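Next up is one chain by itself, shown in structure tokens, the form predicted alone.
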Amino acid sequence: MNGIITGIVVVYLFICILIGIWATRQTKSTSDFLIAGRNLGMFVMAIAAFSSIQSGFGLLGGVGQTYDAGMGFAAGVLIAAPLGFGLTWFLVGKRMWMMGSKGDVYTLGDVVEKRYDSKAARGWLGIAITLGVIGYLGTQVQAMGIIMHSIFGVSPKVGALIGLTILAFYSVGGGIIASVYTDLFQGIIMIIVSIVIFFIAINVGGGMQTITQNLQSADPLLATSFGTYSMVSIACWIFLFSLGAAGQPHFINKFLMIKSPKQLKWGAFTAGIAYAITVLLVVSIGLSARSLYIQGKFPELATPDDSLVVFVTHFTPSVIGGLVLAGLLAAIMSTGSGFVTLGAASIVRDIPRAFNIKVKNELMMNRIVVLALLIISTLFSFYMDTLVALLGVFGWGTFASTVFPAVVLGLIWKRATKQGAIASIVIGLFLNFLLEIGQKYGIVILPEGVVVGAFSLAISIMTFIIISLLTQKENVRLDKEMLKAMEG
């Protein structure tokens, strides 16, 4: 690996460690560890929200999928996600902030219990988020291993373990504060680098006309708007990643962190534009690399997930390549920090409180559970052993189908009941895991092209609505404060 690239990555990781040390000193309570003391401004929150969504899954996995099958992944996922920012801000932004203002609300479990007056709903949501974190964090583990392997020459598994050690160092101490501010740091870098590398990648590929002609010569579908993916898959991705964005706990939990509802005004625009800019990096590198491969100018790859790393190390200036890889690694690690914080909150706070158990010294227990979740997620990642983007879709689908109905629709629809919420969480959770594990062993139930997460989200929403309508007599009477929060 180029010495300049390695040096930039080392400096970048050192800065992330310094942020972690600073964040640890700022973290003095459970509120600080889980919701940054409710003290974030609009820009910090918006960039952190964008960065938490656009991580190893979107960048490394997105480039790999674009290289492998054309524009379909970008059209179905990377375009739908910015739309999801607007929908999320509109649907739950102010509602979540107002729920947080009710006091002692640090997690989505707290929100659900106050909404439905149900500890069972809280417990089931805590279980769902914990399992979703394990699946989604597995994406970050795989992406981290690929990047560390490319930079330092170690095996992907060893690289993942090295990265996880650094991640554990600052996430255990700094919690969500460390996650948010490393997100901010790497997010700004990635926005700048994405603009620069877009022009570099197109130029290296010989211009869009040359790239298009090369793609057409290999497979005419590669040059189309949807690549080689079926329209069914594209439609599923658009549904899952636009509407499902509001069901991502590492995203919507950040609305509990802002200090004033006035900070919401430009958040969706800021986050959406930032995400859209990074799509330029994904599309330009993916298509240019495939074009070069068709011409015999790009190395053979062990897996499409290697395409981003190979491109930036072989076809870009060392400084740009170093910034891309360092920024990507930091994105993976900061997103991972956010995930394990959410999972720890579910295990330490939500699940015990569902059984009327209050854990003493929550801050210390959260830090211990963070370590345990990092280990479990690593083992799950090694077990699944699939492409980064596909593992990310699995994690996203688990969150969307369990969180969106119970939390988002629950804060909008006054007739929603706790029975509907619990049923939707259970159905969404089991559908995702059973169908995904079944596919791993060749048991395919859904029609070709149907994405498991999109199917599970649709069934979960229908379950939520139907069960709520059937249990109206048991609907909880909402107090004035809750009604005010739900009006947003």
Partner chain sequence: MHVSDRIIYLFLFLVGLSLIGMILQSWRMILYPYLIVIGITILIGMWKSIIHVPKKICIPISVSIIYFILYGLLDILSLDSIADKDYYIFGMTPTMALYLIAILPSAVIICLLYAITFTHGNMSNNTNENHELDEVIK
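Please read these numbers as outputs of a predicted model, since none were measured by experiment. Residue numbers count along the first chain shown, from 1.
This next part talks about the form predicted together with its partner chain, which is not shown.
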**OP:** Please pick, from V310, M365, I238, A120, the one residue with any non-hydrogen atom lying within 4.5 angstroms of its partner chain in the model of the complex.
**Re:** I238
Subject >> Contact residue in the model of the complex, from I188, I273, V158, I195 (heavy atom within 4.5 Å of its partner chain) >> reply: I273
Subject >> its partner chain contact at I53 in the model of the complex, heavy atom, 4.5 Å >> reply: no
Original post:
So, in the model of the complex, is M462 in contact with its partner chain at a 4.5 angstroms heavy atom limit?
Top reply: yes
Original post:
Heavy atom to heavy atom, is P82 within 4.5 Å of its partner chain in the model of the complex?
Top reply: yes
**OP:** Evaluate G86 for contact with its partner chain in the model of the complex, applying a 4.5 angstroms cut-off between non-hydrogen atoms, and reply yes or no.
**Re:** yes
Original post:
For this chain shown on its own, do I8, Y12 and W22 all sit within 4.5 Å of its partner chain in the model of the complex, going by heavy atoms?
Top reply: no
Subject >> Segment that reaches its partner chain in the model of the complex - one of 44-52, 29-37, 443-451, 420-428, heavy atoms within 4.5 Å >> reply: 443-451
**OP:** May I ask you to list the residues of 263-301 that have any heavy atom within 4.5 angstroms of its partner chain in the model of the complex, in sequence order?
**Re:** L264, K265, W266, A268, F269, G272, I273, A276, V279, V283, L287
